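In structure tokens, the next block holds one chain alone, the form predicted alone.
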Amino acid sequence: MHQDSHLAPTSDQSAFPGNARTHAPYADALQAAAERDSLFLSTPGHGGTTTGISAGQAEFFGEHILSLDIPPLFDGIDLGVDTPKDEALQLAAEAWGARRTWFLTNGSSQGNRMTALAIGTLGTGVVTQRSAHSSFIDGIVMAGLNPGFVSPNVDEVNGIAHGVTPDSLRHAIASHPEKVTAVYLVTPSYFGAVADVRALAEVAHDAGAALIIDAAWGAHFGFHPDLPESPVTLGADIVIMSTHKLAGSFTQSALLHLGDTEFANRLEPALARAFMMTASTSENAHLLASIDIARRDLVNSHDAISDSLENIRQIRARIEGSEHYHLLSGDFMNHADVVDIDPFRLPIDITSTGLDGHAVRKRLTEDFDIFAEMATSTTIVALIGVGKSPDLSRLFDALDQMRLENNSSETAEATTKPAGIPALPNAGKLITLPRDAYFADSELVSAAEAVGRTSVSSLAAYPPGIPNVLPGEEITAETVEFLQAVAASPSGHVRGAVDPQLSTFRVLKD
């Protein structure tokens, strides 16, 4: 779908057509089809009924869920031209200010891989933020791209990666050994720091490169005057968003937007082809409907977001008024790479508990049935869904209980011992292209033997979520120490590891 002009997100609800404010075309069509007395002699095998082998599904999920599980290419939903699905896609493009929008049912990970394939049509030289999601690194391998890196500002004390400045991006582009045709950056960060997309777009475009923004955490941006603007309207050429993260759609649903920029004519057919390569031919109707409904509800969310923001202001005041806890995002604006913050993410300094943040998160889950989004050694991150106004007294009561128990314990010295995670290591030298390393002959070696060897794996650790080793990079002693320390920490995890303890690494065969 195309449009001659786009409608940027706005808090003025009258700017949206009436049907955009009250209807979700795809979801409405799905509902209408589910209400028909149809006899399905086709996939899915449950046929939308509760009989036979479907009884267990119906008992667990409910008959209505089964009836909505309608396969693709269905008349009245997505078969033909100008279908309800086409209308839903168009309304999404208008709502976020895009030239064209794709619904993604494999999450923002699909959008990242899709993007890497598409920008490969521009050239192989790409500069990517070092804190890029590992799925984009997967895309670099798939597309055979030659990556250079721009490092985000990192708060080493709290294990937090922020964003990049225009100057650091300019330097990274100039330092790349080949012509840079695309730039991939992340904003907002996992902790809610927002970069200057407009200025970064100018730097990329001045260099003749397209700008891709991983805004997985920013699908709600632009839908209220007290929220940051959507990067789609700030000059980005491609923007990936996870509507499921804060905007209320089902897990694994996301969006990819094509900006109305000078690169659009070149990128649109490439993205369309990449979508076909990365999407399932049996996309889940529930996920598609969920995205459509989330778009409709965001358009109508001004009052609910206002209520949420007021609730968050009260929560922030409670945190900052406490002598025991501190909201780290209050200091984010002191960093040159941060121009705004996302109020719906609350990074709380919990060092007063005397416990490591990972241990606090683990205890919150196991002992208090409270699920925090993530943690670093000093911090837990609480996430508030858009339009939600939860009472966080239960969280603070739990933190206070842990703090008092730990501080009064005779074993306080043992429980307050820091996790011992070393500083974030510098990246090793890129020895060969990631794709070449990925497909090369490899072997497993011990951690000690891996030092100085070339990795064939992508390894990403939390905290702070920056890919620490890419295919084709030299493995350093500092990186091995860091990854093993993270893996040994409470709830520590390293994506791509051969074994949970990282006692072995997969490397290029000599």
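Since this is a predicted model, take the numbers as computed values, not measurements. Residues carry their position along the shown sequence, with the first being 1.
Not on display, but discussed next: the form predicted in complex with a small molecule.
Residue 128 falls outside the set of residues with a heavy atom inside 4.5 Å of the small molecule in the model of the complex. Using a 4.5 angstroms limit between non-hydrogen atoms, residue 306 is distant from the small molecule in the model of the complex.
In the model of the complex, at least one heavy atom of residue 186 sits within 4.5 Å of the small molecule.
Though the partner is left out of this view, residue 438 does not reach within 4.5 Å of the small molecule in the model of the complex, counting heavy atoms only. With the partner omitted from this view, the residue of 329, 290, 242, 377 that lies near the small molecule in the model of the complex is 242 [heavy atom within 4.5 Å]. None of 101, 249, 108, 230 but one reaches within 4.5 angstroms of the small molecule in the model of the complex through a heavy atom, and that residue is 108. Checking 361-369, 208-216, 70-78, 312-320 against the small molecule in the model of the complex, the stretch whose residues place heavy atoms within 4.5 Å of it is 208-216.
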